[in-house]
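Take a look at this single chain in structure tokens; it is the form predicted alone.
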């Protein structure tokens, strides 16, 4: 009897060890080099931090009842479309069941184009691999493929709300002038397709805009144009690097609008590190701020992996927990890679809502999120909540 008990105990121990040795491969990808490298660095840190929390909590429950740990491998696409397509093909050749990324919209758009457009279409030889985007935010990209999903905020909703709020709370501000990072897909689309129209819809007169490039370092001409327009509101649709360059030039030329509005992606630590003094007061809508215990813990966990928390990296964090729930609800096997990829795709497609760090996000038929948001402003070197509609 003692021998039988010992044998059963050994078998249980072996079974437990086997379960603990199982892994689910999740790939991350984005820009870890070049001008926007900080976004990829932050996303990777958030993915690793979230995986660490999940693994310490027991991992992912598989179809046979065993548990598996999540393993993350992150790929650098350098914010380059060709490199991004090469990376996703490389990832599809591994045991990864899903990928989280990319950073840049100019990568996401063509990359989604090589995925199978409609699930189950035998005539479509596109890649059958689920991609769950955390950062690339240009309006409307997920509709390109039924294998593409995004957990990014809806900028149309956010800026519509922001400009309406500004018009209501600052009735003496009546005109807007734009500054746009012309060669970056996100910043360009947000000015021409979102900010400009939403400002006009709220009753502002748009007086024009100035253009520059992501790699530019001299903004004297653009700011002279801005100064000549003398608008009440200056809306800068640019990432932290050129936003800071423009703000410093505005200070040099003495351009002092009544209000400053920034791009969602610039509500980040990088902006404050680069030009906290010049950014003082800039208002930006965002889908993340450390306003509750869960959000604070996520930010602190990500910091342990040398990443900063912002609306993009915290979307990567959220993606990991969404994926954990989907993998468990769809009962992935952990052994049938292509079958598990399809289960994850189908599970993501079923979602109508997801729980995020600052609230519940709705999901639409085009696999996009409508995330809760708030307005922050730069105040003494920190992002402070200015208005919370939640």
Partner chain sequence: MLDFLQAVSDGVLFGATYALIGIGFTLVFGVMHKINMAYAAASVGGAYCGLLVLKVMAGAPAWLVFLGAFAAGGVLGWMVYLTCFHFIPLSSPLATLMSTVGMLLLIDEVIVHVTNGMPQNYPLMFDDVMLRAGEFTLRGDLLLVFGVSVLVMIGLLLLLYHTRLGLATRAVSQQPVAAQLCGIRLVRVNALTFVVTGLLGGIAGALIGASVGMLSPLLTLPLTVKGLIVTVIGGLGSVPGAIVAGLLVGGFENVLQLYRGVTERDLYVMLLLFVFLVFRPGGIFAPKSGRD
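Numbering follows the first chain given and starts at 1. As the structure is a prediction and not an experimental result, all values here were calculated from the model.
Quick note: we don't show the form predicted in complex with the partner chain, though the next part is all about it.
Query - Complete contact of 325, 343 and 363 with the partner chain in the predicted complex (any heavy atom, 4.5 Å) - result: Spot residues vs the partner chain: no contact at all.
Requested in this report: Scan 201, 139, 215, 119 and let me know which has any heavy atom within 4.5 Å of the partner chain in the predicted complex.
Outcome: Result of the distance check: 215.
Requested in this report: Work out which of 81, 244, 229, 295 lies within 4.5 Å of the partner chain in the predicted complex, going by heavy atoms.
Outcome: In short, 244.
Query raised in the report: Going by a heavy atom distance of 4.5 Å, is residue 338 a contact of the partner chain in the predicted complex?
Result: Although the partner chain is absent here, residue 338 would stay clear of it in the predicted complex, with no heavy atoms inside 4.5 Å.
**Report entry** Interface membership of residue 70, the partner chain in the predicted complex, 4.5 Å heavy atom rule
**Finding:** No, residue 70 is distant from the partner.
Query raised in the report: Even though the partner chain is not shown here, does residue 37 get within 4.5 Å of it in the predicted complex, heavy atoms only?
Result: Yes, residue 37 sits close enough to the partner chain in the predicted complex that at least one of its heavy atoms falls within 4.5 Å.
Report task. May I ask you to state whether residue 257 is within 4.5 Å of the partner chain in the predicted complex, using heavy atom distances? Result -> Contact check for residue 257: no, nothing within 4.5 Å of the partner chain in the predicted complex.
**Report entry** Which of 207-215, 121-129, 281-289, 170-178 lines the interface with the partner chain in the predicted complex (heavy atom within 4.5 Å)
**Finding:** Single hit among the candidates: 207-215.
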